[in-house]
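You are given structure tokens for the same protein chain in two forms, set apart as structure 1 and structure 2.
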Structure 1
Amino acid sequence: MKKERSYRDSTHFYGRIWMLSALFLFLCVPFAICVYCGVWPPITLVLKGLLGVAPIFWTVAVIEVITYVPMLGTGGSYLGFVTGNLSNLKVPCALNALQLTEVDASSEEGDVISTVAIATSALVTTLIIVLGVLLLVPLRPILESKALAPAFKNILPSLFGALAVVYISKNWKLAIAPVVFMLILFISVPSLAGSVGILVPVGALIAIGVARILYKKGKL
């Protein structure tokens, strides 16, 4: 127990430092541009722009922290939130690694595996971006071809579909209610497709509620 507390404490210590350092570097970019160009936007326009997007992003950020941290563990959470693209890439990579190794995400081993998976994902993503930038011009005709257009539109559904099969098959009784609810919701209101991050906790609450009912009835 002492070793686990020491590992978690050190991870939180260094994780906070890197989070604050990343935030500082992100803010340095627009600041450096303003200094170099000698142009400073009026604070009223900055606040006006923030009012349109900040409430949405801040809400999604809080929801993602509550939802994803138990899945990713301590180190994986810090690394994932710094490198970004959690829903599309980091979370699926971590969950797949935990699934293959049959390790619980809440354990110290699961924390390490999740962190390694997310770090590998970040490095591979960076490498692919570098290659993409270098090869963008020669590969542009191929990437923009009509034959590949349907494939690019279905990358995310196929990724989460594969993960869904694994986790739904583990306990289909718990999966039916949230899956049916989300299908009816998105079919009825297609515009909600851009609010997936906010609706993830809704599905989690439905699954928890169904699990409690089934447990009380002795069916789980």
Structure 2
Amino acid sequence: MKKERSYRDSTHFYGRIWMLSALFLFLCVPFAICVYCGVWPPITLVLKGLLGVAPIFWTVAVIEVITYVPMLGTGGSYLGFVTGNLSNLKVPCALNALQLTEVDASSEEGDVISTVAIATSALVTTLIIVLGVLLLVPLRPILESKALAPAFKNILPSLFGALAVVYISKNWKLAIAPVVFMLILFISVPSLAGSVGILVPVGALIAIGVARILYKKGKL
């Protein structure tokens, strides 16, 4: 038990160092551009630009941290929140790995498996983008071709269809209420499609609420 603690604590320790270093490095990028050009944008201009996105994206960030940290695990969180693309790649990737190894997501085994999956995913993404940028001249017409467009437009349905089959078949009692709620909501208010990230915790609260009732009644 003591050893488990020490692994997780040290993951937090190293994770914080890596993440805060990454934050510093990312901030250095616009700073370096300004120094290199010898030009600084007026602060009002930056604030005005930020005002257009910060209220939404900062709120989403708070929601994402609360929702995804438990799903990604310790190591996965420090890596996932630096490398991004959480709901469309990192979390499903971790779920896939947990599924195939059949370990409990909330155990330490689950934590290390998620970390291995997320790290692999981050490395492969980086590699593909590097290759893509290097081979952009021959690749660009293919990637931008009209014939392939539907495939890339349908990544999320392709991903969540398969993922849903696995999770819903295993936990159908938990799934019914949030799935029905989300279907009604999105069909009635299609404009919510842009706010799907904000609705993840709503779905989670419904699922957890129903789970609590069923669990108390001994039906789970």
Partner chain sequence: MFNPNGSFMYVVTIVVISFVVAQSLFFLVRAWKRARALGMESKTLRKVVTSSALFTIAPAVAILMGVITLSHSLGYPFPWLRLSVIGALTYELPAAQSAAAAAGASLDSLITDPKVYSAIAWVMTLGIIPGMILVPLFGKKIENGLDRIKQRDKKWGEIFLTGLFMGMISAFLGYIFSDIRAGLTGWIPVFVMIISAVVMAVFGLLYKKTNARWLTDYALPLSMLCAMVLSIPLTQLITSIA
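The structure presented is a predicted model; accordingly, all values stated were derived computationally and were not measured. Residue indices: 1-based, along structure 1. Superpose the two forms; the largest set of C-alphas matching within 1.5 Å is the rigid core.
K.L.:
Pick one: is 1 or 2 the form predicted on its own?
P.N.:
Only structure 1 fits here, because that chain is the form predicted on its own.
K.L.:
For residue 212, is the C-alpha shift between structure 1 and structure 2 2 Å or more after core superposition?
P.N.:
Yes, shifts by 2 Å or more.
K.L.:
Using a rigid core alignment, state whether the CA of residue 120 is displaced by 2 Å or more between structure 1 and structure 2.
P.N.:
For residue 120, whose C-alpha is compared between structure 1 and structure 2 after core superposition, the shift is less than 2 Å.
K.L.:
For residue 85, state whether the C-alpha moves by 2 Å or more between structure 1 and structure 2 after rigid core superposition.
P.N.:
Where the cores coincide, residue 85 shows only a C-alpha shift between structure 1 and structure 2 that is less than 2 Å.
K.L.:
Once both forms share the same rigid core frame, by what distance in Å has the CA of residue 146 shifted between structure 1 and structure 2?
P.N.:
That residue's C-alpha is offset by 2.4 Å.
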